[in-house]
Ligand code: C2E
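Next up: a single chain in structure tokens, the form predicted on its own.
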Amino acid sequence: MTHSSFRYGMADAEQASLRHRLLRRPWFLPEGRRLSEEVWQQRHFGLTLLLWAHLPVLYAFALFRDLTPVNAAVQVGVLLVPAVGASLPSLSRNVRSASASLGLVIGASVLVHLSGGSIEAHFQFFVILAFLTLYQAWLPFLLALLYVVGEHGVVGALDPKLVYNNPSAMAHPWRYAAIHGGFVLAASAANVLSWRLTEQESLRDGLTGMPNRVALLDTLDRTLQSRGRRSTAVLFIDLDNFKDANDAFGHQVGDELLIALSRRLGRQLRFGDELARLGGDEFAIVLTDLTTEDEAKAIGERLLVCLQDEILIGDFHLAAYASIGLAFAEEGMSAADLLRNADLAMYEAKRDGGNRLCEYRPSLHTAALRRTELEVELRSALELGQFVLHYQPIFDVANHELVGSEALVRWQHPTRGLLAPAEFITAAEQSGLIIALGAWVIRTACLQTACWQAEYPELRKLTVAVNLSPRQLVDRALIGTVAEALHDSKLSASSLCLEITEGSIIKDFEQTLPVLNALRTLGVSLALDDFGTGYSSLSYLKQLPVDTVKIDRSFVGDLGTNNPNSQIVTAIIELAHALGMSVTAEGAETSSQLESLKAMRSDHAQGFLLGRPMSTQMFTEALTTTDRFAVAVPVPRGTS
């Protein structure tokens, strides 16, 4: 969208705001929001059926009142026009609801006329107006009410006996028409109140009292229809650090923080904009009557700044940071599409580090579709058994003896070939499929290692290392999964090493530490993977029940040069040994690197020099050769 798309000038915006103020609905009345198509169709069908039912019932009543069949047909026949209008699907919702409403109140009038103005017959109007509140729209309701007053006044003036049966009303038809309209309106008050309370419950957030997602989409839909897409945008706001505050200070403080932030956001808005809480710590704002794109961006940047001001909640001083996505309306775009685009832009802001504003671009939608397709493919791959394990050997540096392997998952894709984890692990992590995939990896690696130990007695101490993802570390079923895999495979617990990264532990340290301790209780060993690339904090390291530190390949690659990484590697090895841990160096690709690791007293090493990741069959074949693992195998896409 370009700047020329915003064709409203400042004068137009001021006029639009003035019209909005003049037409603003009183707070005590229902909003009269547009029902969804499915709900409206269901309710309209019932009211139309009720209208058609009036024809035979009123015709029979007319005959009972001694009218001739022709006269009865004429009296009741006036209902045919509105009944047909209400039944035609080609007509708009407003026309059809208005037809049904007029038909029903006309039916009530016919009943009054046929009864000779009997007071009991007038109660039919009360019933009909109560039914018309089902539309939750003001047009049919007010149309019916105006008809009641107008019909009683006009017909009462022309032929009072058709409407009234008392002398005072016959003498003053318009006065009694107004009185009757007042009684009908009063009798409908309970239905209007119920209508309002129903809308409040379905359209308002229970915590903040703000509009919710349903109300926002309804407002946005009306805005796009009435004001067009030229001057409308949506800001999607997600708090970056709300979970931390909620966990640290409790849900009571979290709720009070959300209420305070919603009020603060509301004070930043222009007249005519609408703020809604979508759920959790997510908010959205509909911006209308924009003159330029920069105006929307300026509002978003202002919100980022205002959220960071400290808020006093009880005894706590809290500050909020947010990721904000901005999307502009375009031709042919629905309210749901616009909100989705703003949501995608918000996630882009979060991926960029948070506390920033990002504008939607079409590539974000393409990427989201690809992630969805990939998730579907991953589910199918799990069901069809398309995943395989490759194993990379791990050697003792001092004597070049094979001591274990690292199990690395691969996806044998039916059309794209062999895919390495870089191609799909992130999607599996985000979708939660990593839990099932990780369980399969643990089980398969245990079964295969136990098989190798049994087949090659000299390798009875062969170990296997399996990577754990952050999602697995917080999965309550992990302990049971590992225990079951060890039991079913008959593999000793000491032969299984579970690798974890620093980042996955530090992020939820209090939650993951008990899990790690429970795994150690089972007898499995734990390795801290990619050491040196994360926090590398001694305060955390000494608390972790880990047996092995794995040095990241980025440090090993510069060994044998004057690069400072050599000193870092030496320091890591000495530190690990001082804490009673062994060291495995990753990425050993040259003889000089391996000699340097040996001189530095690294315990174990793995890398392309010693053996690439290989299939189960190739690993087994390598075990039978004299020069074990001196093989070259195809490298899958995105090798890791």
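We number the residues from 1 along the sequence you see. A quick note: this is a predicted structure, and the numbers were derived from the prediction, not measured.
The form predicted in complex with the named molecule exists for this protein as well; it is not shown, and the discussion that follows is about that form.
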Quiz prompt | Partner proximity in the predicted complex: residue 472 to the named molecule, non-hydrogen atom cutoff 4.5 Å | solution = yes
Quiz prompt | residue 421 within 4.5 Å of the named molecule in the predicted complex, heavy atoms | solution = yes
Quiz item: Though only this chain appears here, would residue 273 touch the named molecule in the predicted complex if you measure heavy atom gaps against 4.5 Å?
Solution: no
Quiz item: Wondering, does residue 96 line up within 4.5 Å of the named molecule in the predicted complex on heavy atoms?
Solution: no
Quiz item: the named molecule isn't shown here, but in the predicted complex which of 284, 258, 345, 407 has a heavy atom within 4.5 Å of it?
Solution: 407
Exercise. Tell me, out of 144, 497, 441, 450, which residue has a non-hydrogen atom within 4.5 angstroms of the named molecule in the predicted complex.
Key: 441
Practice problem: Report the stretch among 346 to 354, 508 to 516, 421 to 429, 265 to 273 that approaches the named molecule in the predicted complex to within 4.5 Å, counting heavy atoms only. | Solution: 421 to 429
Quiz item: Listed by sequence position, which residues of 584 to 598 have a non-hydrogen atom within 4.5 angstroms of the named molecule in the predicted complex?
Solution: 586, 587, 588, 589
